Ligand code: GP9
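Consider the single chain below, provided in structure tokens and representing the form predicted alone.
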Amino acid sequence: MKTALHKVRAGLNTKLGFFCLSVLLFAIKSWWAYETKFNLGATTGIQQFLLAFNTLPSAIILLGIALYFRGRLSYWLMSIINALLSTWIFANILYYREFSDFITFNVIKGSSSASGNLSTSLAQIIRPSDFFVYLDVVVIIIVLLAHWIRVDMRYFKRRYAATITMIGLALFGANLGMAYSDRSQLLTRTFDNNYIVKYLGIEFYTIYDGVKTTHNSAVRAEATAKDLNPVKSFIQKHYASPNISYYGKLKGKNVVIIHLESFQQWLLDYKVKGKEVTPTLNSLYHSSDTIAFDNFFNQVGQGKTSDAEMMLENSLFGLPEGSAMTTNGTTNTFQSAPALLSQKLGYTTASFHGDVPSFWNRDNAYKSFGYQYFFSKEYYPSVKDDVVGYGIKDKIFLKSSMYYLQQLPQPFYAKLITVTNHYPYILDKKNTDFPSLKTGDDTVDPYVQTAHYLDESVKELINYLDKTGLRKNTVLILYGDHYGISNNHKAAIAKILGKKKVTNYDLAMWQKVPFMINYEGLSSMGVTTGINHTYGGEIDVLPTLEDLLGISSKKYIQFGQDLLSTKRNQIVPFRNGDWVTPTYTKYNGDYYYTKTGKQIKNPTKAQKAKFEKIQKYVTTDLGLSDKVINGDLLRFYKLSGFTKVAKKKITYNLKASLKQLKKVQKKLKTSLKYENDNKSTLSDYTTDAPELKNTKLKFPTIK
């Protein structure tokens, strides 16, 4: 026994022995992280094998770089490389925990636009066990400093180092071959980063993403007008003509979009201890003057809220990595809802958000979209304790927003972005007495409390619209932008759903979010209202709104279909390439009957053909949308009656915007404030926000 231990120690005292120890520990650590910190879905034997095996090639290649250096430097360089790789794994663990995805270069590139409030979230995200990824680094440094392993000062021949590098490359080649045998076209057709990490490892995924990001930059430079031909052909082929009974019914009406942050469909009609979480939204959902959709899905990717906005305003999908609003929002040409409504119907357009204007690059992207006004945090009065998480609390934000909305010339298109119902769902006790869930998951349990607060905020807003009479001429559109509880909380999800265990089908249905169109008197317009069971998603909002307002979208480059059209195909693509239809659902590689949730383990030949046909549509739909954004193809598309947005003429500067708003009110004389003898209606807004008790809101003014 002593002889064996002596041989092992003697081996570790050589540079090659120390290298092998470092590779082994790094591989074990990486495999542990894959198994415990990520949800990669390695279910089969070959997938489990590859999950462990793919840790070796990258470790051998990257740690092997140190072998090309001499003496102590090679030892410390090996430890530094290990520490850097460990930090990358650690960062991805934290990112994955909140976003169910891995960090991309586009995310890093746009991090400055979405990092202002991450410190609060990180405190909630980090777990002590996350630091285990540094355990091997600490152990190796200790044994070196304590001289339990001696530094081998002998020269390690370059050809030996090159041989080790070649071994690493050969192992990667074998890894890639096995991966492709289990999942063909892994690197050409997948829309899900989980697959790449599962089969090839996080280090290769990072390199792959870097190459792809560089390629996408080159795509824009090389794009030509001819690249639009397949896009136009696909869109024309799948255009869904409007339902004539709805077309133009809401023409000329104000449009107020209420962005329900992180709000999921299951919250509607849900009760905690006998109390409705969202009584106001429930009432709207069941109103005879509402068209509500109960099979409406979020389709966001890494861009989360910004992806939802991209689809809402443009009927273009977010990108498979990063945020399109961040990476392309400043430079690209868009033919967005604000610009279309302004140019074609004379709408005043404005977005309201109680956070810094740079978040998700909104201050630049909104100019590209054609928003005439953007009321961000600097426009709002400063009130003690008015901010939580990602911006001003909803009750304070919505009341303050009405100060500006009442000044917008009618008709107007206004988007109100709420934020209080945002992860990590923090709300002080003075703002809620609603009971929390009891799932045992600290992230999930307070979710209903912030959702209830959001519901109360919406009630106060509607009361104001009713009291001022503005609601009689206003269409309310309410939608949830993305999931609030990610798939990583399966145990809690199971308890909410009343199940012992959730399936991939359950997780697919978990992606449902509300979408409602409400207008007083809608039921008397000769249209069918109530809950509509058609299948759709956020990509379909813009064509639906256009048809209701009487704008034909037939010649537009938009990838959604009117939800009210009888011609729509009802295929709902998810950003990772999965999909839902009224008949079948595909999620994380599994197929199900949509109506029953029963898994299809042995599909028939006819079903396989149907799956392939749907998948081809989904892949083409997503791929062509990506080409439009990556290639900035709309710069080549001349739309009749539409002029490219003159971004340089738009300013969100506080003084300049307020001066412009004052000038246009006087000119058009159609704002609510002007109709009220140029007197503010803000006193009609009642809120129980404790922060505003005995507090007078002081807004910025101009002479």
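All of these numbers come straight from a predicted model, not from anything done at the bench. Position 1 is the first residue in the sequence shown; the rest follow in order.
Not pictured, yet referred to below: the form predicted together with the named molecule.
In the model of the complex, the named molecule lies within 4.5 Å of some heavy atom of Asp481. Not displayed here, the named molecule is kept clear of Asp441 by more than 4.5 Å at the level of heavy atoms in the model of the complex. For Arg362, a non-hydrogen atom is located within 4.5 Å of the named molecule in the model of the complex, even though that partner is not displayed. Heavy atoms of Val541 never reach within 4.5 Å of the named molecule in the model of the complex, leaving it off the interface. Only one of the listed residues (Tyr390, Tyr584, Tyr247, Tyr404) places a non-hydrogen atom within 4.5 angstroms of the named molecule in the model of the complex, and that residue is Tyr390. Screening Glu261, Asp136, Asp209, Glu456 for any heavy atom within 4.5 Å of the named molecule in the model of the complex leaves a single hit, Glu261. Only one listed stretch (407 to 415, 347 to 355, 462 to 470, 209 to 217) carries heavy atoms within 4.5 Å of the named molecule in the model of the complex, and that stretch is 347 to 355.
Looking at 422 to 440, the one residue that comes within 4.5 Å of the named molecule in the model of the complex, counting any heavy atom, is His422.
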